[in-house]
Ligand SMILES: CC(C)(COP(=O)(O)OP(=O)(O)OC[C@H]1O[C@@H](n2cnc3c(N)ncnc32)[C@H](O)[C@@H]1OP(=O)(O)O)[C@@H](O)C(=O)NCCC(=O)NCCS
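Listed next as structure tokens is one chain, alone, in the form predicted alone.
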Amino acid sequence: MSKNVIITDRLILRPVGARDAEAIAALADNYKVAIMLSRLPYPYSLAHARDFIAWAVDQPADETIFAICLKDETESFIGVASCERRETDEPELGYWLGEPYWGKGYMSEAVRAIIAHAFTEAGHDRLISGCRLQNLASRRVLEKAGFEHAGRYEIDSLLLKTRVPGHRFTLSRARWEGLAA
């Protein structure tokens, strides 16, 4: 198994690739998904998906953009999760899931796996993440994974073309190890 492929009970997380373009475009072209994210254009086209994939495959080795797929016979693409540097030197955990897959615990499972990968394979010491104030589901995912609330901040919204209020979260390797013990 490649160090950039993660297998959980129900999911396969692997690098995003050209084969994901149509599924990304289909699931990301959803206002309910786009409104919660900072960098997702809406409407979202196949060209957007191809541009995203080209960008994703060109990231540094310790920054991985994962396709989240169901561990079934078709490896159905259901979303994206990443650990990348955005506005700071600290790696930021980001993610989104297609609406048909909400409420099934998939994102919590994917986030736990990516955190483990970030601390054990990529060698990070601390992760940050964030979500919009009204995104209670994302906040629950982060808190269940051990992230601690670090205050409020503003998030750029490509869709709204402005900054919107959000919550910032952090997770240190030491805290993660302590929670795993």
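Residue numbers here begin at 1 and follow the sequence given. Please read all numbers here as calculations on a predicted model, not as lab measurements.
One more form of this protein exists, namely the form predicted in complex with this ligand; it is left out here, but the text below deals with it.
Put simply, S108 is close to this ligand in the model of the complex: some heavy atom of it is within 4.5 Å. Interface residue remark: T64 is not counted as part of the site for this ligand in the model of the complex, having no heavy atom within 4.5 Å.
Among heavy atoms of R86, none comes within 4.5 Å of this ligand in the model of the complex. Contact check for L27: every heavy atom lies farther than 4.5 Å from this ligand in the model of the complex. Here the chain stands alone, but in the model of the complex its contact with this ligand, taken as any heavy atom within 4.5 Å, falls in 126-134 among 113-121, 126-134, 41-49, 54-62. In sequence order, K32, V33, M36, L37 are the residues of 19-55 having a heavy atom within 4.5 Å of this ligand in the model of the complex; the partner itself is omitted from this view.
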